[in-house]
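Just the one chain here, laid out as structure tokens, in the form predicted alone.
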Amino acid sequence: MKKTLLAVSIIIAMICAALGADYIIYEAKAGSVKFVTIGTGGITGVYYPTGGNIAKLVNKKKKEYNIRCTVESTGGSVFNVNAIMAGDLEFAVVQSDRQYQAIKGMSEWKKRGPQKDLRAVFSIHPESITLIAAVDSNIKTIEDLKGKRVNIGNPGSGQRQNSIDALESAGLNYKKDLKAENVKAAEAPGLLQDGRIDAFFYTVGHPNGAIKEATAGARKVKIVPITGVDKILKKYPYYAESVIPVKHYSGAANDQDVKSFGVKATFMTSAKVPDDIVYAITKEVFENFEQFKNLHPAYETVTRQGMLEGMTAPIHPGAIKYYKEVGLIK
């Protein structure tokens, strides 16, 4: 028995020597590594790669910060807010309208009340409410959706309410005026190409994989403009007019950019997440801003100052510490 233990000890020592001192030191501290998870959205959207990009930047400094980031694909903004509040996620990407509604205790949070522990870290890219329709369905305006089969998004996604608001701006009720489907955005392109729906909404940054899939199929599709939204913009302060660049979708039956309106993607956390973790993540994104910006075409209009706009929840103290250090806020 003693000989066996001695042999095992020798083998372990040899492995440790081979791995090197740095690895041994890091493993010795493994118990103090802080694991954080970033909630995103469907894998075809911009949220998933956004979470992945943030995680990569932080994980490069894992020995310095003792933070290990992982990314989780989720059902979207509503799910993400609830998961943050439940402590199941430390961070998540959330639409700015859902951030507003959660902090105010509106919409899905009307019964639960204001989500007082929700905290903002920064904003990211703009997201347009995008309406994709089959050319053969003869949908040229949002009003033409009446009587059609349209996917408005799955319950728990931020985009679902955006779809309802867009329909409301056109005087349409999704329960009465159309045949509404409730599937995830990633499933909609296949349904459209298979002829099972006539159109679908998707609130997303561009370019987007699901929109590319929809516009690349045998069934010709187009991006439908959403205009005449002045009343909805006045009613909801988190909305703003936007333009969808068609240069990213060569298969679409559009010859010019498409007008719409939309929100912003925001990076959220909880007041219960320690300041040092939020500070480290904020610092790595802003200190590597150009690298971060080049990671996805949807970030092409993002600016450092713009990343502090579109947030209605209180900013987390860990993020405020960094912003004050670099003069982004006083």
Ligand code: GLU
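Numbering starts at 1 and runs along the sequence shown. Only a predicted model underlies this, so the values are computations on that prediction, with no experimental measurement involved.
Only in words, not in the display: the form predicted in complex with the ligand, which the text now covers.
Close approach of V204 to the ligand in the predicted bound form, 4.5 Å, heavy atom: Answer yes; at least one heavy atom of V204 falls within 4.5 Å of the ligand in the predicted bound form.
The ligand contact at Q99 in the predicted bound form, heavy atom, 4.5 Å: Judged by the heavy-atom cut-off of 4.5 Å, Q99 is well away from the ligand in the predicted bound form.
V46 within 4.5 Å of the ligand in the predicted bound form, heavy atoms: Residue-level check for V46: yes, a contact with the ligand.
Proximity of T130 to the ligand in the predicted bound form, heavy atoms at 4.5 Å: It does not: once the ligand is placed as it appears in the predicted bound form, T130 has no heavy atom within 4.5 Å of it.
Among 187-195, 215-223, 102-110, 158-166, the region lying within 4.5 Å of the ligand in the predicted bound form by heavy atom distance: Heavy-atom contact with the partner occurs in 158-166.
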